[in-house]
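One chain comes next, on its own, written as structure tokens: the form predicted alone.
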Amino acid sequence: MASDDLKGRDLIVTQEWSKEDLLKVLELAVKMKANRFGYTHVLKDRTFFMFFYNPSVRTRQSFECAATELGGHAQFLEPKSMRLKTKTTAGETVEDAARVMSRYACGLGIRILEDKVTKYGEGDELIREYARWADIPVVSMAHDKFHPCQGLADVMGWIEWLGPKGKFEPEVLKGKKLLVVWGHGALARSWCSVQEAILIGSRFGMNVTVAAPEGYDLDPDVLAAARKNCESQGASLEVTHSQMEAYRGAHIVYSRNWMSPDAYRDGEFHKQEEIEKAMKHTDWICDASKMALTDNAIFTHPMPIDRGHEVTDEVASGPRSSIYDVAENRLHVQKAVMALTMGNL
């Protein structure tokens, strides 16, 4: 049977799981990657609901493949195909929907990002409301604050790249410098992936540097939690506006665009304004000259990449790019999460 520690657990942010629990997921994911089709009994005849407020490429593909390879089925759901109560329309409440879903499926994944909320944190509140009423595990498939499956895939990939070939040694990350650097771009992205990277990287003893232009601060509560993580590991967290200095000595470079704290005003997401503001910072791009300042760093990104803005093609498709390995690892960590929280091993 699945671990008593994780059976039935929700995964909304990795920060709410112990490091031992995260390692349990990663170690199983490594085994599943090595023996990809050896776990087809784990979700046999079971259904995992995927509730998409926002579309995706990797998220839907990886979760559907994960459910299939575990012997189950992933069912795609969208709010527009369901009669749900909103601020402006009548319909079924979260309580009723979550309770009914719990009678049908073995787990529920929810994806809700920037343009489907009216203020930062609203997506997090919605997922937690589903988790409150559901009797099945609720997994964030990315929301406006966090992206736990991406964080796990990131860490798995970084360990594979920086550790010895053929061995999975998580301690290799301890003391390494993780640079999370803002990149200009035309997508006005949420904070979820970068905040998750900062949190989980700091849990593994990495020295974290966050570099961004003035006016692009992340959630202060998340930064405070990451700083506390670093302190407990004997590591450090630095926030700077000097990108060139930030690159020096980095072992992992995570260049990604994110919105400013002013993106939500008066109950509205000002996407076009955010894009226009971001596109003025053309010098904030990860390129070969900046990577040359690092300690032979690997480049990482959760994708989709805004090439030519967040990073150059030369770096994104270069020999030190981990992007496709990290993308593949989404499949394996999600299989491990599903197996441990809702399946039979």
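None of the values given here were measured: they were computed from a predicted structure. All residue numbers are counted from 1 along the displayed sequence.
The discussion below concerns the form predicted together with a small molecule, not included here.
In the predicted complex, at least one heavy atom of Pro304 sits within 4.5 Å of a heavy atom of the small molecule. Although the partner is absent here, Thr59 lies within 4.5 Å of the small molecule in the predicted complex, judged by heavy atoms. Contact check for Gln195: no non-hydrogen atom falls within 4.5 Å of the small molecule in the predicted complex.
Interface membership of His251, defined by any non-hydrogen atom within 4.5 Å of the small molecule in the predicted complex, is ruled out. The stretch in contact with the small molecule in the predicted complex, judged by heavy atoms within 4.5 Å, is 50-58, chosen from 273-281, 50-58, 307-315, 24-32. Of the residues Ser202, Gln150, Ser140, Thr209, just one reaches the small molecule in the predicted complex with a heavy atom at 4.5 Å or closer; this is Gln150. Contact with the small molecule in the predicted complex, defined as a heavy atom within 4.5 Å, holds for exactly one of Lys177, His184, Arg111, Lys145, namely Arg111.
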